[in-house]
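Below sits a lone chain in structure tokens, taken as the form predicted on its own.
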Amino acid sequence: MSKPESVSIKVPATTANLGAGFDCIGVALSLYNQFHFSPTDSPTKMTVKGFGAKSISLGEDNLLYRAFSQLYKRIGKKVPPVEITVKMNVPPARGLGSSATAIVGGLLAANHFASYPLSPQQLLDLAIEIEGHPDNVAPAMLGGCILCVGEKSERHFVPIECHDSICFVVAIPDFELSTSQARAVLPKSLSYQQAVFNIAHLGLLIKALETGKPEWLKEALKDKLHQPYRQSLIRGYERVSKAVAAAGGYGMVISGAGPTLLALCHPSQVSAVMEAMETAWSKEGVKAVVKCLQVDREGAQMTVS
């Protein structure tokens, strides 16, 4: 039997939550991790280059390889040896869905090498099973802004159209924050008042994203489920938030579990918001990489060579 062709996969970063959309909304962004898989007769080998490459394991515990192997275990076949090259632009442990890119990339590559035994829906279900929640892997695979509703076989992935006048500015700090740390500070229970606040703001967030109305966006980014508790883990949060508002941004949220901070603004305010975020964090002794990103509407892309 002939060997499968090599495959290159590009997977977008994601920002989850957007404030009130805790654990249910995610957006694919125009920042990408790239994965190249080639068949080999030698033992599996992995090379990683780029942002945060030194912190990535090259062994079988690597998340990309674990996802690749998981598909073979699911279909009851032996995992073939492969040569893997990774180019990282999405930094790990920063709240930009780096783990989701690895899971999606590994599953797509394995599905190709195994002659496509799983459907796109089955791949997404397996990705959610590995990640534990859908708000990053769904937009990473599908692209766009996705509202994830339901459980297991009754999940719905609802696209939300983001207005062209909304720009996404991310400020990526020079420190990490693990999802487990960010989860640990969340309270075990919430009041009805807090729940109603977020229900209302989630509804407003969806309409604000669709219409781009400034007054709706400024209110919609508020949240009482997770951000008030996670702010203390992110040095300089208040200073950066105030700087975004002063620069004319609609507001700022924690990207995923953090520590990356995400500001939404009008195109005319991008330069001012970017400078304000970088300056504000530098006053706290934090060096940040600030980027203006677009919504990626394509999701994971695969090229066979």
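The structure displayed is predicted, hence computed values, not measured ones. Note that residue numbering begins at 1 and tracks the sequence as displayed.
Keep in mind that the form predicted in complex with a small molecule is missing from the display, and what follows is about it.
- Residue contact with the small molecule in the model of the complex: residue 280 places no heavy atom within 4.5 Å of it.
- Contact annotation for residue 67: none of its heavy atoms lies within 4.5 Å of the small molecule in the model of the complex.
- The shortest heavy atom separation between residue 136 and the small molecule in the model of the complex is within 4.5 Å.
- Proximity of residue 207 to the small molecule in the model of the complex: non-hydrogen atoms within 4.5 Å are absent; the residue sits far from the partner.
- The stretch from 59-67, 249-257, 269-277, 39-47 that comes within 4.5 Å of the small molecule in the model of the complex, counting heavy atoms only, is 249-257.
- In terms of contact with the small molecule in the model of the complex, the residue from 194, 179, 85, 89 that brings a heavy atom within 4.5 Å is 179.
- With the partner omitted from this view, the residue of 77, 163, 183, 156 that lies near the small molecule in the model of the complex is 183 [heavy atom within 4.5 Å].
- The three residues 20, 215 and 222 each lack any heavy atom within 4.5 Å of the small molecule in the model of the complex.
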